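First comes one chain, alone, set out as structure tokens in the form predicted on its own.
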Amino acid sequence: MSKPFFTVYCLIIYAFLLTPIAVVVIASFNAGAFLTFPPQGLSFRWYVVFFNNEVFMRAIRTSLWIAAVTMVISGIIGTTAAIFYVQYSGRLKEAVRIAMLAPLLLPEVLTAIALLFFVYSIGIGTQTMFGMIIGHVLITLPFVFINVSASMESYDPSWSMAAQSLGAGRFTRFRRIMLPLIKPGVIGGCLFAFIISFDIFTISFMLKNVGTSTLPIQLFDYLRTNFTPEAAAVSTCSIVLTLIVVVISEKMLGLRLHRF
């Protein structure tokens, strides 16, 4: 494949992926009263309305809190599972891999329905956010597992054995040797978990408790009765927030992967 042809091909793919995002961002500056494209003049009017809308602000705080909790839980479980998968699973390696990736194989709506039956069967119901967090962890766990497993494949167990021969305990070996080396996979997996949890709709919609709404749910409820550029402003802020998480993680953590 020639370089010019490959360049044009990549540009077409990028345009196909980014055009819908660009349309939403441009539409958020619409000065008109309805969500239209191209916009009827440019204005920050709907951003002011959005930032003064306490319902949306509360939904953003809820989404951020759930995403942070999900990231921590998925990071711990996914990292532990990846270490077991690479070093200790033996003949069960394929079974462990399939079990960890199973949530990616099923439609999200089926997983949500199954979890809904589960939380009611154990007496939790949807009175708390416990069921929603379980669902978010279940969906994001494979991404942590995949990233950490990829980092673990290049890890030589003899390094831990050498540290053990020098008197290092199990936790010291993990903290001082293994974790710094697999840190890129852990960071990448946790980052994926946070972003995916922040944007999950179906799981959140099925398992949310009364009076609690994440940002995707609140935006869905809003669009059922309103069709103003405020929805585009909300979507744009969600896009910007995701980009900020990616950039901060890359700048603050990605450049220091060689240190711990």
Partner chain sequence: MNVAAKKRFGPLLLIAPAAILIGVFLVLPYLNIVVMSFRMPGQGTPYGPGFTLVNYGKFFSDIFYIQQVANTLWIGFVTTLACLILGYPVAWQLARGNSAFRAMGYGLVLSPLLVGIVIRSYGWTILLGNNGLINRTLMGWGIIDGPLPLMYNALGIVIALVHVFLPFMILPIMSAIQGIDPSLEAAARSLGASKATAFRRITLPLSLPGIQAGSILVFVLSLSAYVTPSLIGGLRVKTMAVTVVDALIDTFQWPFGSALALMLSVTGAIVVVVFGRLTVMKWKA
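Throughout, rigid core stands for the largest set of C-alpha atoms superposing within 1.5 Å between the two forms. Residue numbers count along the first chain shown, from 1. Worth saying up front: this structure is predicted, and the values here are computed from it rather than measured.
Here the subject shifts to the form predicted together with its partner chain, a form of this protein not shown in this document.
- The closest heavy atom approach of I77 to its partner chain in the predicted complex falls within 4.5 Å.
- Among heavy atoms of I60, none comes within 4.5 Å of its partner chain in the predicted complex.
- Of the heavy atoms in F51, none are within 4.5 Å of its partner chain in the predicted complex.
- With a 4.5 Å cutoff on heavy atoms, L141 counts as touching its partner chain in the predicted complex.
- Proximity to its partner chain in the predicted complex, defined as a heavy atom within 4.5 Å, singles out one entry of I146, M129, A81, I187, which is A81.
- Remark: none of the three candidate residues (A68, A193 and V210) comes within 4.5 Å of its partner chain in the predicted complex, counting heavy atoms only.
- Contact residues in stretch 14-29 (any heavy atom within 4.5 Å of its partner chain, taken in the predicted complex) are Y14, F16, L17, L18, T19, P20, I21, V23, V24, A27.
- After superposition on the rigid core, displacement of the C-alpha of I13 between the shown form and the other one amounts to 2 Å or more.
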